[in-house]
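As structure tokens, one chain now follows by itself in the form predicted on its own.
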Amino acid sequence: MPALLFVPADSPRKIAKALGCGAATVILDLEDSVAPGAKERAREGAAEALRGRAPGGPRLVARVNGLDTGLIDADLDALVALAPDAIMLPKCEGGDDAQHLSVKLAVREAQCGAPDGAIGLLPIVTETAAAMFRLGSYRGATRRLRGLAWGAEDLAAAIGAQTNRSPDGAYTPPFALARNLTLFAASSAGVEAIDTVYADFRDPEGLRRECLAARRDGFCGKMAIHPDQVAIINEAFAPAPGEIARAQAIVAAFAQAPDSGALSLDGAMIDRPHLLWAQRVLARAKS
């Protein structure tokens, strides 16, 4: 899921633009980008987008309001029967919160006759201080889990940080820690790691650098806040032709010698970690 584009669910115009900009996933936002008085309008906008989605279009994820807001049940009541691909849970504080939401989804799926577990879960896992201590708890928490995303803006507010970046644009140590632990937590849980947004949508080169660094480190995609960011993210996370060819060669080599733990390919030793890398590259290319 390379580019995941946020769009305020209370704006039909912005939703229409988001659906046509090439994002693999559109996140219909009912949380931070929607004013308190517009929550019901956002539910209606998200429902309309789900009802009107076209075959072959982007995946539609709904970012609902948090578990402690008193708004999440109304969000789910409005949307679950329309089968969003996943629910994004903000300010998720560990596997217990993921399980809590999973139960809420299961009840509503049963009520509307949908298969149990049809709707996935994509939590944002670093937005509070407490969440940072529970990143290892997602492993085995729920089979709905599709990925783990991290966020820097809410975390900055939570800990009282003046900024989350140093003058050279790099994340300061607390936020670099959040990013890195999200990557390890996602790997431990066996799901994709999703990088946070790049807030300056007028800085395409900065976005490209951050995408390439995220892909280098193991992230599978990046959230976006503006349609102009989508093409850059998609390009940065797409495997290069040389990578695909190398991955195909590794997979073919192990297919010819399935009982081997290590092989020689083009004068270099390859083993099972190389095979895992190759399979991930080919899966990303296919998607």
Ligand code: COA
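Start at 1 with the first residue shown and count on from there. It should be emphasised that the depicted structure is a prediction, and the values quoted were computed from it without experimental measurement.
Form predicted together with the named molecule: not shown, discussed below.
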property: Exercise: Lys17 in contact with the named molecule in the predicted complex, heavy atom 4.5 Å; result: yes
property: Contact of Pro2 with the named molecule in the predicted complex (heavy atom, 4.5 Å); result: no
property: Lys222, heavy atom within 4.5 angstroms of the named molecule in the predicted complex; result: no
property: Contact label in the predicted complex: Ser33 to the named molecule, heavy atom within 4.5 Å; result: yes
property: Stretch from 213-221, 177-185, 161-169, 199-207 whose residues place a heavy atom within 4.5 Å of the named molecule in the predicted complex; result: 199-207
property: Sequence-ordered list of residues in 225-240 near the named molecule in the predicted complex, where near means a heavy atom within 4.5 Å; result: Ile225, His226, Pro227
